[in-house]
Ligand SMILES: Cc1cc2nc3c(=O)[nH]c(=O)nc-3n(C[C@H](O)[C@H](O)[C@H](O)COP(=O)(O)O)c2cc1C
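Shown below, as structure tokens, is a lone chain in the form predicted alone; questions about how it binds or moves come after it.
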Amino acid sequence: MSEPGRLAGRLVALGITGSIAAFKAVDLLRLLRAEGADVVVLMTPSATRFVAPLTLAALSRRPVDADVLDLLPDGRIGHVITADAADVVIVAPATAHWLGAMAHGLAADVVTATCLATSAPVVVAPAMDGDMYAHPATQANVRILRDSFGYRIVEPEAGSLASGQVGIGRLAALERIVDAAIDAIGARPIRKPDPADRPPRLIDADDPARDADDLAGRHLVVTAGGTAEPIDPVRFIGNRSTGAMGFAVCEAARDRGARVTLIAGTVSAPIPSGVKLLRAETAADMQAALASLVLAPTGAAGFDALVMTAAVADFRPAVTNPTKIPRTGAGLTLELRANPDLLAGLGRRVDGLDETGAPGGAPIVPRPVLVGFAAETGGLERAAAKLRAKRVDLLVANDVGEPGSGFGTSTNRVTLFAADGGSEALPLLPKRVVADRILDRVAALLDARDAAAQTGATSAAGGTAS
């Protein structure tokens, strides 16, 4: 298996209080999930006015606990279950009001009640106006939490504040908060590894049978966008890919608990948050990025699955001119050379084959699941042959000439071709829904691979695309 996130298997309780910085808790939640954490969100009533609980529930895949009097669906007391199960409680942002209430044990909200009831380490990241944070009352409350309670205080930073002033009061960098939580946990064992001892998960609204965390602990690599093969310092050969389909896969994998590495070529869509980003402008750059990821330092597989949505240019100029080629009336003739098929090469590599398809090294274990994309025009007749040639477990093919399908659209109509010979034609769907349908297949293939490894059987994902 690939290296897990630093919070793999941990339950993190994220407490959010009524600061304008509450909107940053969305990205903090994503960072925690990217580290492998299982997150339950706690909110004070005022916090719900700054950021919608529905947003946090969708990202955490758990109901948000915002009322100290609410019970879980099974009748258990929410904040007590969270206090007993959490490996760490993070309060970010923490307001002056909350610091004072917590310092004096006033459990009027679910965040304070959870902190009072837990024996887990607590990390507090204050955020407020500079003068408010500097006030002796606030500083006294911070000292009580730090010196008397043993809480870790992630001090706010200097900068522009919501009041328009400049001072010390900005919420600390989110990476600092995550690092503080990891440091606070240290080598402690996981407190409640059994999911039954934790707050309940949400059922996926689009598919009640889908486990909302079915990719937790997995490392997925996604390539997205096109490549720009330089003609000279100004011009290049490219394509119309925006990266939107790949980004939808990144977001879906991240929200299902995966650790995601994105290799982005030329893109025009916004880069998703909560993923590790590698830039790869040319086909050669993307090939090098993939090669750097395919093996972990231990020699095992460097990732669990690759979803190759990138539209890598098929050709590149035979020669790249070092200076801009001047425009002339005679026109310009370019000699083009074929770029290597990156996915086919990787398919051979993971199966221990050389460029001719003959044995040429040790297969990569455990074998990663490989998903390819094929953008076609006029039909999908070539898709099955491409699946075999690229040695992939799943090929996602679409006709980019169809309205609403392909580059520059928010929707896609794809057919999924599996290595076992089956296929499934999906209707026109939003790209995020298409991404989840693809990841349903990926999750099933990974589960089958791991089950086969335990029993010694042949996995459905174990090189069946040969």
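Don't overthink the numbering: it's just position in the shown sequence, from 1. Just so it is clear, the model here is predicted, and its values are computed rather than measured.
Although not depicted, the form predicted in complex with the named molecule is the subject of the following passage.
Heavy atoms of His97 reach within 4.5 Å of the named molecule in the model of the complex, making it an interface residue. Although the partner is absent here, Leu306 is not a contact residue: none of its heavy atoms lies within 4.5 angstroms of the named molecule in the model of the complex. A residue is said to contact a partner when one of its heavy atoms sits within 4.5 Å of a partner heavy atom; Asn412 fails this definition for the named molecule in the model of the complex, lying far away. With a 4.5 Å cutoff on heavy atoms, Ile20 counts as touching the named molecule in the model of the complex. In the model of the complex, every residue of the candidate spot (Thr44, Met128 and Met132) has a heavy atom lying within 4.5 Å of the named molecule. Stretch 45-53 is the contacting one of 417-425, 45-53, 59-67, 432-440, since its residues have non-hydrogen atoms within 4.5 Å of the named molecule in the model of the complex.
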